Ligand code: DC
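Given next, in structure tokens, is a single chain: the form predicted on its own.
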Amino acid sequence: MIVVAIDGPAGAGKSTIAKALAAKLGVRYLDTGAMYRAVTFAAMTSGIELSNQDLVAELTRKSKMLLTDETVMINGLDATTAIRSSEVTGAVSTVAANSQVRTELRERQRQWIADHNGGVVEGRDIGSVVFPDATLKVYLTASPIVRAKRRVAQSGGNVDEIAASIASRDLQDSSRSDSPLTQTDDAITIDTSDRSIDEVVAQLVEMTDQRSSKTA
């Protein structure tokens, strides 16, 4: 069973690269960040204060979530577009810092891999916590200005404002007490600032093949 864990900060290219890599390897792709965003969306639409950790955790445990490569459904609602809104983006770090939510979603992520017999999983604690024995661990990064420009190209906005928002998110994700964004010693670091998607994916396909052949 092949499990590729891709971690890194916002705007590093995780989703694009993870999707393309999964297609090349012939396995499924899971965006764990979308899971936290879906919970954030569900809590906000239910009128639950995100600071109320117990209520948000209860909502998470009761939620029915379905993720495909293209869509995110939670409790029967299509949240695919809504979870990428500025409101959810600005609030998701609060939910992601909730240890009870992380415990629930980690178990769902592990079950997802078991159900799909492997896959490419991207997030911020995949190689460090969720799948410490992954076939390949990758830490994607890019310069702050490149990351900001990518976000503006995707969703619009002001580069300086987006850069400040990304820096704030980085600080929250890397300083939280439960499963902070971190790079493990055995992860391969790739800076995507000046590299094409195809180039990075080709490298990861080769590395995955090498790792999987060693463990076969």
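If you're wondering where the values come from, they're calculated on a predicted model, not measured in any experiment. So that there is no doubt, residue numbering starts at 1 and follows the sequence shown.
As for the form predicted in complex with the named molecule, it is not shown, yet the points below apply to it.
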- Hey, in the predicted complex, does V92 get a heavy atom within 4.5 angstroms of the named molecule? yes
- Query: Can any non-hydrogen atom of T32 be found within 4.5 angstroms of the named molecule in the predicted complex?
  - Reply: yes
- Classify R124 as contacting or not contacting the named molecule in the predicted complex by the rule of any non-hydrogen atom within 4.5 angstroms, answering yes or no. yes
- Message: If we define contact as a non-hydrogen atom of the residue within 4.5 angstroms of the partner, is Y36 a contact of the named molecule in the predicted complex?
- Response: yes
- Query: So, A96, R169 and R176: all three within 4.5 Å of the named molecule in the predicted complex by heavy atoms, or not?
  - Reply: yes
- Note on the structure: Which of 67 to 75, 110 to 118, 125 to 133, 142 to 150 lies within 4.5 Å of the named molecule in the predicted complex, heavy atoms considered? The stretch 125 to 133
- Item | Residues in 188 to 207 close to the named molecule in the predicted complex, defined by a heavy atom within 4.5 Å, in order | none
